[in-house]
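Take a look at this one chain, the form predicted on its own, written out in structure tokens.
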């Protein structure tokens, strides 16, 4: 099978750690570098984990400590993280991907599934259940479709005054600063901004700025 895969197991569930450890050590190509509870890890400074794959069951730990998955000293590669999720939740999966997880499997995965996932992640390959893969494809496709749609709405549905305000908002001007430049009341500008947010379909001024950058040149 080639070089052994060094695995670190992080979980406050002792049964999970011991069960996973037994599953992996039965394989000739896997070895446990260390196994600890999440609460035992001091996260003030980056840690040289000295492991090829980190398996954990806490997405919150993954998100809070993403900076810990630094490159190993002898390699430029980041440490590869496999999350074993307790809940079959699409948003949890998306949060894990954004936080840097390379693998995502569910708590009811078989021993063979776990071993296969560890090996895939160790090779630098991504792994997740098929339905989550479909969710990820749909999510990216929706983002792609949304961009030109916002641009069209921005160009065609705003009044002339609202179009005048957009680049000023994009420059970071406050309502008061815009009001002073246009000789209008601050409340009038506030009302315009509220209508722009509604028409473009964003929640805040940063969303308007993003929409400005999405416009074709």
Partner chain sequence: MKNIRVLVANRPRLMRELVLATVGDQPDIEIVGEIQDEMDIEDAIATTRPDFLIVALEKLNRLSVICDLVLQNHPQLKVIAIAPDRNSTMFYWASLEIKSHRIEASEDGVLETIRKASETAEKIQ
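Positions refer to the first chain, counted from 1. It should be emphasised that the depicted structure is a prediction, and the values quoted were computed from it without experimental measurement.
The form predicted in complex with its partner chain exists for this protein as well; it is not shown, and the discussion that follows is about that form.
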Looking at its partner chain in the predicted bound form, do all three of 161, 166 and 180 come within 4.5 Å of it through at least one heavy atom?
no
Are any of the heavy atoms in residue 99 no more than 4.5 Å from a heavy atom of its partner chain in the predicted bound form?
no
Look up in the predicted bound form whether residue 22 has a non-hydrogen atom within 4.5 angstroms of its partner chain, and give yes or no.
yes
With the partner left out of view, is residue 198 within 4.5 angstroms of its partner chain in the predicted bound form by any non-hydrogen atom?
no
Exercise: residue 94 in contact with its partner chain in the predicted bound form, heavy atom 4.5 Å:
no
Could you work out which of 133, 109, 116, 126 is the residue within 4.5 angstroms of its partner chain in the predicted bound form, going by heavy atoms?
109
At 4.5 Å, heavy atom to heavy atom, what parts of 14-35 sit next to its partner chain in the predicted bound form? List them in sequence order, or say none.
14, 15, 16, 18, 19, 20, 22, 23, 26
